[in-house]
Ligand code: AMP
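Next up is one chain by itself, shown in structure tokens, the form predicted alone.
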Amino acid sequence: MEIAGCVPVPRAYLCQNHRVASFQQFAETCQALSQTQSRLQMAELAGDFLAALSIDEAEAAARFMIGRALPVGEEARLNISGRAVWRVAAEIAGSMDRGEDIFAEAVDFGDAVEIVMRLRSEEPEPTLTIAEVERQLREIAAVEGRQARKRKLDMLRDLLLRATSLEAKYLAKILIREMRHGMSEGVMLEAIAHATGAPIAEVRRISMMQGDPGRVLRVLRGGSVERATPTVRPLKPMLAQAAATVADALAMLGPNIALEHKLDGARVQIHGTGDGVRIFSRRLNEITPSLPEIVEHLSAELPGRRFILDGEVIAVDRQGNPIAFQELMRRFRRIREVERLREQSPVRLFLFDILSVDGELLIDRSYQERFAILEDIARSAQVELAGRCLPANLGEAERFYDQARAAGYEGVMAKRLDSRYSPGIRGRGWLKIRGAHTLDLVIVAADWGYGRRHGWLSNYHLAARTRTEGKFAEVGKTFKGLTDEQFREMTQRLLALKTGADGATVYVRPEVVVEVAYSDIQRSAQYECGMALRFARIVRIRTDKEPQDADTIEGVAAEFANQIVHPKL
């Protein structure tokens, strides 16, 4: 298969008898993808490559191509930063002092790793296979206990020592989850449809349930998903679009809606397995050990029950009153000193949906039906539900919203009573209505501060996600909102993500998500998108969100258009 303007895929890849593929071939395919502009051609190129692999290798390659080292929910166990990858690569090449020059030359982080690995005295022969790379990444993730970090890095060094420069480039990209060749998860699903001959609607439906492209491919190829699937597998949470006002929400959803308090907490998915209770974060990472009081309560109140609950955990003081979101983040993914933190930083659980009960999946049932079932479960378990009302008219809806804001909630959620639960989809069935104008944006660069902020990266370049290209477009800057301690912590975090510098500006990989409040959006020739936020201020650091969860530039444009239609009085 040859594509104009692209590196052709070798014919050997396309044979009917599945063969063992080298990781070098995978890297060459990714290189070809980076030179392909057409979405359709990218899907065909990736699909043909995947179709030629065994089920096991195709499952791993599908994840690798979108920058996932391990199945969804397991990546956190790797715990290898970009800084660590760079240090190991530079040590191998004996070029620890060449960093600034190399990053100035490189297009991205993976390119920098490839450049430094070329400085080795000898380039190894390509002997790694896709299966070997996956096995070694799983082994790295499994390392725990004393000196775990050192052992992980030693294993990474062994892997990179065997890698060619091109293989090292894509290993680095996978480890930092930044492929930058245009292969988004949506394009990957189209590639899987091409590889298997399945209708794209079926592929997307299976993706909703499996939550991982590798498992989707395995299911469609007729393989058992048990190989890489834990007994308990979280589903991606359903997402909400934004509405500016309650009136807008009613206009978009119609009159048959429910309104719920929008809590300033962290999304959790709780699984009752029959043998116990397990809890997963919004990113599908398991956080069961971090929230023992919730596990103990539900295990005692719902013994032996099987269920999947969707809810929010908030941090509270000793009197049970809500406190700052950042206090809650002290609890997440902590496995040490949990009992002490349990006393110092208590939490409260609120439920707002149910996905499964007693073995029956409920996502195709209406929200109204699901909530009736949830009420029974919550009553049995003595668990709180998010505050809710079924407004009869706009006036009643606006009163509920005003009361929610007066009580200190972020705003309200509006949900159509007939809406289904669509895992991972930002559908039109749910809308979020916030009191303040806020956006979830990604930090793509930062400037060194001066005066009191000297020595800190403290003026942050904020960017929204582009929906079609998966890139980021800047919409403003801010140095407001963080404490001195947060400035220091953010400086260290951004330096670990550094990709280059220009004078006082340090460019970073787009990984840090922040919630940004602003007064309004204005026209601006300073930014390519033509818009800029006025009086931007960081409200909180969203450690529970990934860059792909950030607001889109299209959404910013819609907000801009809305304020022109509905100017402030």
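Residue numbers run from 1 along the displayed sequence. What you are looking at is a predicted structure, and each value in this text was computed from that prediction instead of being measured.
Keep in mind that the form predicted in complex with ligand AMP is missing from the display, and what follows is about it.
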Answer key, ligand AMP contact in the model of the complex at 4.5 Å (heavy atoms) among 401, 430, 170, 109: the residue is 430
The listed residue (465, 262, 370, 271) that reaches within 4.5 Å of ligand AMP in the model of the complex by any heavy atom is 262
Notebook entry, point to check: With the partner left out of view, is residue 415 within 4.5 angstroms of ligand AMP in the model of the complex by any non-hydrogen atom?
Noted result: yes
Would you classify residue 177 as touching ligand AMP in the model of the complex, given a 4.5 Å non-hydrogen atom cut-off? no
Heavy atom to heavy atom, is residue 278 within 4.5 Å of ligand AMP in the model of the complex?
no
task: Evaluate residue 460 for contact with ligand AMP in the model of the complex, applying a 4.5 angstroms cut-off between non-hydrogen atoms, and reply yes or no.
output: no
| query | Quick check: do 312, 434 and 542 each get a heavy atom within 4.5 Å of ligand AMP in the model of the complex? | reply | yes
With a 4.5 Å heavy atom cut-off to ligand AMP in the model of the complex, the contacting stretch among 283-291, 372-380, 253-261, 83-91 is 253-261
